[in-house]
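Just the one chain here, the form predicted alone, laid out as structure tokens.
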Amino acid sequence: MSKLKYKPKQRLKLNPPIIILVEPQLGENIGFAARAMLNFNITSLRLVNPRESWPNKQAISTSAGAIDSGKSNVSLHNNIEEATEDISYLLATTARNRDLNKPVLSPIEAAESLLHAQIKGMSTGIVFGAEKSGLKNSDIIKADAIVNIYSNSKFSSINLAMSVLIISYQWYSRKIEFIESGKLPKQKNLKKNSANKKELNFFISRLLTLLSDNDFFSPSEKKQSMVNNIEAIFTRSNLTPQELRTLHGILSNLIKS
């Protein structure tokens, strides 16, 4: 079987997406995920509170050299906010239907969305949840869109590393198609200079503090769902740094008055 060969028709820097594993439980899955990533030229792996200690022998052995060769960059983070603060376009994977007002993409649509963002120079990332429970709603709400890997409804449990493999492959193969043809479907949602998650999270935190100080979250048992809804509004808006500065100005004016 001959290997796929292609010659780029244009010089275009497309930085690969950053893969983020939130609370992964098994070192073996981290290693397999790193191996799958490197197969498709994705090298940045961020771990949020892995259950096993790091460095991890099982992860290194199952990575087939992806981790210990120095070809992959693996970093540890305390929470999802810290792991995504430099990312402007973020996708979150889930196998379950979520009652969240977010666009739901197939792996192919996700790959195209990532490429659109990367063409505009945006830093991109994909978040995967723990093997047993997946991502929490409070994690997914921070993403711009949800990726759903369609599978057998009677057996939809997909191994963590396999999920990473599927998304990584779709991104890489779609990138090759784009480089060969120079064409991608138009996508009007993404702005060229979207704020990163650190900037957006700072504004949302400031807004939520102001609302809390003014007893907005009532009744208290509905606070989390209200917070999720508010956060979803601003995440979905794809705000620029200038738009955030305007919103900060509005908050400052309200505080003064």
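Only a predicted model underlies this, so the values are computations on that prediction, with no experimental measurement involved. Numbers follow the displayed sequence, beginning with 1.
Below: the form predicted in complex with a further copy of the same chain, not depicted.
By the 4.5 Å heavy atom rule, the three marked residues 100, 205 and 209 all fail to count as contacting a further copy of the same chain in the predicted bound form.
Annotated contact segment (heavy atom within 4.5 Å of a further copy of the same chain in the predicted bound form): 150-158, selected among 74-82, 119-127, 135-143, 150-158.
Comment: a further copy of the same chain is not present in this chain, but in the predicted bound form one of 41, 49, 224, 196 has a heavy atom within 4.5 Å of it, namely 41. Residue contact with a further copy of the same chain in the predicted bound form: residue 55 places no heavy atom within 4.5 Å of it. Not displayed here, a further copy of the same chain is approached by residue 36 to within 4.5 Å at the level of heavy atoms in the predicted bound form.
Residue contact check for residue 28: one or more of its heavy atoms lie within 4.5 Å of a further copy of the same chain in the predicted bound form. Proximity of residue 94 to a further copy of the same chain in the predicted bound form falls outside the 4.5 Å heavy atom cutoff. In the predicted bound form, the residues of 42-72 lying within 4.5 Å of a further copy of the same chain by at least one heavy atom are, in order, 63, 64, 65, 66, 71.
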